[in-house]
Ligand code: UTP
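For reference, the chain that follows is the form predicted alone, supplied as structure tokens.
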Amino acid sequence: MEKYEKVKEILKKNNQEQLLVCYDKLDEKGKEKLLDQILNVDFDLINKLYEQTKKGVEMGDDVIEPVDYVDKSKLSKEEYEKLEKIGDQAIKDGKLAVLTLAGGQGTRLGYNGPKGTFDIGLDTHESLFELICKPIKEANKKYGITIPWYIMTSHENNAQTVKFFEDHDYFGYPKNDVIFFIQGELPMIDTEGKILVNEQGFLKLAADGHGGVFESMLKSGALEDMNKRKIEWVFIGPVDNPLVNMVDPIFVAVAETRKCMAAGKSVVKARPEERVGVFCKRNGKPSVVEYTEISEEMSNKRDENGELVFGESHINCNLFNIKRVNEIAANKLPYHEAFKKANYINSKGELVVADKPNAYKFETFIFDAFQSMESMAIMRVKREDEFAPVKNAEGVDSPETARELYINFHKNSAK
């Protein structure tokens, strides 16, 4: 009862008493879980984030400029071979780790399960996880080492993901070199700043975005594991791109030779209005400007060669130096709010079913880490070689388009 009284006091002080609305209906285990959840809430942060929702996004006086990049396909034979030699050596020396962002569910694909377990419809019926795993295994064979593979799951899908790997014998990957860790979460709040209660009577939590990877690496011990292994470069990429090239010696060498603490891969925007974030310089620092932030004039602006001035799409394939990862993990990235539809239990214990956006979730973006860099290497790659996103059930960026890109890439590679 002492814990319960302590929680009641905290809730009263923060005007969040509604969080105990279902307490009496829970069993002893459930009551304990709810009290622990509440004790783990940073109410000062929640209040700060609520105040932030009233301000909206402000570009202010930010100066947005185009960014320099290296075009991988336009490197001369000499340049390519020189970079390949440097990158090969770094990988052979065990300096590279790869990390997959796999916290999502396949809901938008009409699939019930972790997104990484989704089958894009190849004849082999391989899941996204297996398709991503194959090139890493090939690299291990080529370099005579085992590259540690870190996988960030979520509270929602961790158990299913780990079981999937166990059921498939880790796709033949050494089990001790596959390290799972769980993404952080933050409570969702309504437009009055009240934390929502989910349908089971607990706090309604949402994953804290792909930028949460750094803090989660630190809290879970994954970062400590990397440091112990003397890793120097960490490639971080998404689970929903079966063409993601995680072990790329040219990419590692571009970052090393330019003495950058981070590097990002880009593909040319398919069209000016494509809904993607693009690499830029914001107030002289590396950044990504979201499609919602960029003006129509900037989107359409072309240089003397007819190329889009702001045309380097951020495809969430980034490389970070471990020194900078340690620093970023110790400092929180800024939170961005998203206004979403959320069902919840109100203070009277009634279920509220949302028919329009009614609640805020808060997330961090990996590209906000770029702002702490003095410089960053951007490497343009071919869309058809490295980018086959699986985002929508049909149409653009669907399993059908990803499947076609994947098959064509491997057909062309075999020539």
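Start at 1 and count along the sequence shown; that's the residue number. Every value quoted in this text rests on a predicted model; they were computed, and no experiment measured them.
As for the form predicted in complex with the ligand, it is not shown, yet the points below apply to it.
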query: Proximity to the ligand in the model of the complex, single hit among 249, 277, 201, 238 (heavy atom within 4.5 Å); finding: 238
query: The single option of 311, 148, 87, 209 touching the ligand in the model of the complex, heavy atom within 4.5 Å; finding: 209
query: Proximity to the ligand in the model of the complex (heavy atom, within 4.5 Å), stretch among 72-80, 138-146, 227-235, 105-113; finding: 105-113
query: Distance check, residue 182 to the ligand in the model of the complex, heavy atom within 4.5 Å; finding: no
query: Any non-hydrogen atom of residue 101 within 4.5 angstroms of the ligand in the model of the complex; finding: yes
query: Residue contact check: residue 316 to the ligand in the model of the complex, 4.5 Å heavy atom; finding: yes
query: Close approach of residue 403 to the ligand in the model of the complex, 4.5 Å, heavy atom; finding: no
query: Site check 42, 155 and 196: each within 4.5 Å of the ligand in the model of the complex by heavy atom; finding: no
query: In the model of the complex, residues of 361-387 near the ligand [heavy atom within 4.5 Å]; finding: 363
